[in-house]
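In what follows, one protein chain appears twice in different forms, each by itself as C-alpha cells: structure 1 and structure 2.
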Structure 1
C-alpha cells in the first residue's frame, strides 16, 4: 500500500515532467504559432479571431496548401496576462519551433511577446493590438497587421476638425494604455482645433457604477465626451447617461461596438460614435464582401466582426509570406530570416483593405472610418459610416435630448 502510493505519486510526477519536456515530434508540416487569450474574460474575442484564421486556413488549403505540406496552427494561450503570454511564446518559439508567431491580442501582452520574438529572430506578426509601442521600438522581426492608435483615430480627428468643430470637450477614459494613448492623440487634436478641455476622468476596468463620474461630466456641459471603454463598461455608461438625463456626443475608439454591446444598450446607444473596420460596413469593396460571404458560409448565423476580419488578414499575410519565402530548408534561423524579409515585402488586398508595412513593420494602409450608431425604423441600433463622403452610408446626426428621441 505504502510503496504503491509512493510509486503512483512518483510516476505521476514523472509523467507530468516528461509531458513538459518531450520535444514536439519533428514532421513535415508548416508550423505557425498563434497567440491569444483563448481562456478567461477575453476568450470570446479571441474565438472570433480564431474563426477568421480558420477561414484563411481553409482558403489556402483549398488552393493546394503550401509546398504540398500540411499547415499546422499551434495555439498558445496568453490568458491576457503578459507573464503567461511570455511562457506561451517561449513554448511556441523554442519548443514547437514554429516559423512565425501570429495572432496576439492586447497591447501589454504583445509588447512582451514581440520583444522575445525579436531577440530570438522569429518573425512576429501581431494581429490585434493598438499601442504604438509595439512597432516603434525598432524591432525588425515585429510586424502588425492592424492599425495603431494614431491611425485608428485619424478619421475621427479629421471629422472633428472639418465637421463637428467642438468647443467644449471632456475625457472619460478607461484607466489603461488603451485609454491613455487615445487621450494623448485627442488632446493634441483638441489643441489644434481650439477646443477647451473641461475635465479628465478615468475609471477602472471592471467598474459598474459610473453615476458619480457622469454626474460630474454633466455639470460641465461638454459638447463632446471622449470615452474609450470596452464593451461592458461602454454599454453601462450609455445606459447611465440616460438615467442621469445627460446629452452629449460620445466618441470612443469603436472596439466597443460588439453584438453584446447592442444587446445591452438597445436604442440607448443612439448617436454614439467611434471608428470602425467592421467588414460588413464596407461591402462596396469586393474583397471585403467576398470575405464576409465566405465567413457566413463557413459559420452560418454568425456575422464577422472586426476581430474575425483581423484574424483572417493576419494569417493570410503570414501564409503569403511563408509561401514567398520558399519551402523551409530545415535550418530554422535561416528560414525565419527569409520569412521576415518576405513579410517586409507584403503587398496584398485583404478584408481590411490593402496590407503593406512601413519601415517599422506597421501596416500603413488600413484606416478605419468614423461611424455613428443610428436606429432603423424598428428602433434597431447599428453603426453607419458617416465620414468621409465617398465611403459614408449615412449623414451625421446631432444627439437629441432624451425626451425628444423616437425610440425609448
Structure 2
C-alpha cells in the first residue's frame, strides 16, 4: 500500500512538473503566423513578401530576438483561395498558437481570414491585400500596413482628372474583390471627369489566354484601359496586346511592376502606368534607402520591390507591437489582447513611410505615387514617378504605335 501511495505521489509530482515545464518549452520562441499564396500563380509575389520578412527577422534575431527569445515565423499557404486560407489561418491560430497573424495577399482570402482572426481574438496585421472591406467592418483585431485601394488610387485619379482627361475608357479586371473594388473606385472617377465607359471585361486568376478580350478592346479604341492583375497575368496581357497590335494607355497598380514582371515583358511593358510605393524610387529617404541597401546585401541581384518592402514593414510593425506589449505570459488570450492594444498605438517610420493606424486599423499615412514604365538607353524597363511635379522624376510619355517604338 505504501509503495502504491508513493507511486501516486511521484506521478502527481511529475504531472505538476510537466504542467510547469511545458509552457516554458512552448514559449522557447516568439511565434508569429504568416499567411500568403506561397504556391500557385501568385507564389512569386508572396515570395517577395517573404524575403522582406526574412530581412526583418534577421535584423531582430541578430539583436537577440525579443525577451531573450528568437522569433519564429510559421507560414500558412493560402494558394490565393479563401477556403485554403481559412484552413491555414485556423491551424496557425488554434493549433500553432501564434501570437499574431501577419502577411496576407489576395483580398478575397484576407476578407475571410481577417474575420476569423477577429472572432478568435487573435491580432491580424494584413501586409498587401488592398480591399477596403478588410478594415471597414469595425473589427478591433484587424489592422493593415498597406494602403487600401482608395488610397492606392488617389494619386492616379488626380492625374486622370488634371493631366490625362480621358474621354473613352474600358475595364479589364481580375474577377476578384481586388479587381472589382478597384473598378468601383475608377468607375466613380470616370463619372466625375466625364469619361465614357465602353466595356467591362473580367478574367480569372491563373488565366493565360486574353486574346479574345484584347481583340474586343481593340475594336472599341479606348483612350485608357484599367487593368488590375497580378504579375503573371499582367505580363501576359501586355505581350498579347503587342501580338494583336493594340495600343492604349494601360493603367494598373504598382504590384504589377515586380522584378518578375519586367523579366517577363522587357520593353513590351513600356508606357504602362500604375500607383506604386517602389522603394528604389524613394532613396532620398534615409530609412527607405537603408532598407533597399540591406535587402540588396541579403539578396544580391534581387530587386527590392513593393512586395518586399511591404513584407518588411509588416513584420517590423508586428514585432514592435509584441515588444511593447511585454513578454508573453502564456495566457494566449490575454497576450493577444495586449498585442492588439499595442498595435493600435503604432507609430513607426519604415520603408513605406510613417506607419500609423486610424480607428479602423487602416494605415492612414502611406500614399503611393503615379508611375509609368519607361525605358533607358539600353531598352531596360523601369518605373518612373511622373506626378505630382514636386515628386516627378520624369515626364509622362504618350504610348506610341508598336511599329514606331525604339525598342522592340
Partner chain sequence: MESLFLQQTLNGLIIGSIYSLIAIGLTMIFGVMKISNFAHGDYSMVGAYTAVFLMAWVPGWMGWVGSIIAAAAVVGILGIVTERLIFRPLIGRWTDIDIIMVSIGLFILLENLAQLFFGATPQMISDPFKGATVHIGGVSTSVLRVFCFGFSCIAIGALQIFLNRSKLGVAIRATSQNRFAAQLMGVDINLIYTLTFWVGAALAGVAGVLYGTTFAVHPLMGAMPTLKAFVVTILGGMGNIRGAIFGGFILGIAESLGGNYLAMEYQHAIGFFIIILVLLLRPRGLFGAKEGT
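Residue numbers count along the first chain shown, from 1. We call the rigid core whatever largest set of C-alpha positions still superposes within 1.5 Å between the two forms. The structure presented is a predicted model; accordingly, all values stated were derived computationally and were not measured.
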Between the first and the second structure, which is the form predicted on its own?
2
Does residue 142 sit in the same rigid part as residue 303, given that the chain moves as two such parts between structure 1 and structure 2?
yes
Quick check on the domain motion between structure 1 and structure 2: what's the rotation angle of the smaller rigid part, to the nearest degree?
12
C-alpha positional change at residue 217 between structure 1 and structure 2 - rigid core reference, Å:
4.9
What's the distance in angstrom the Cα of residue 177 travels between structure 1 and structure 2, core superposed?
2.7
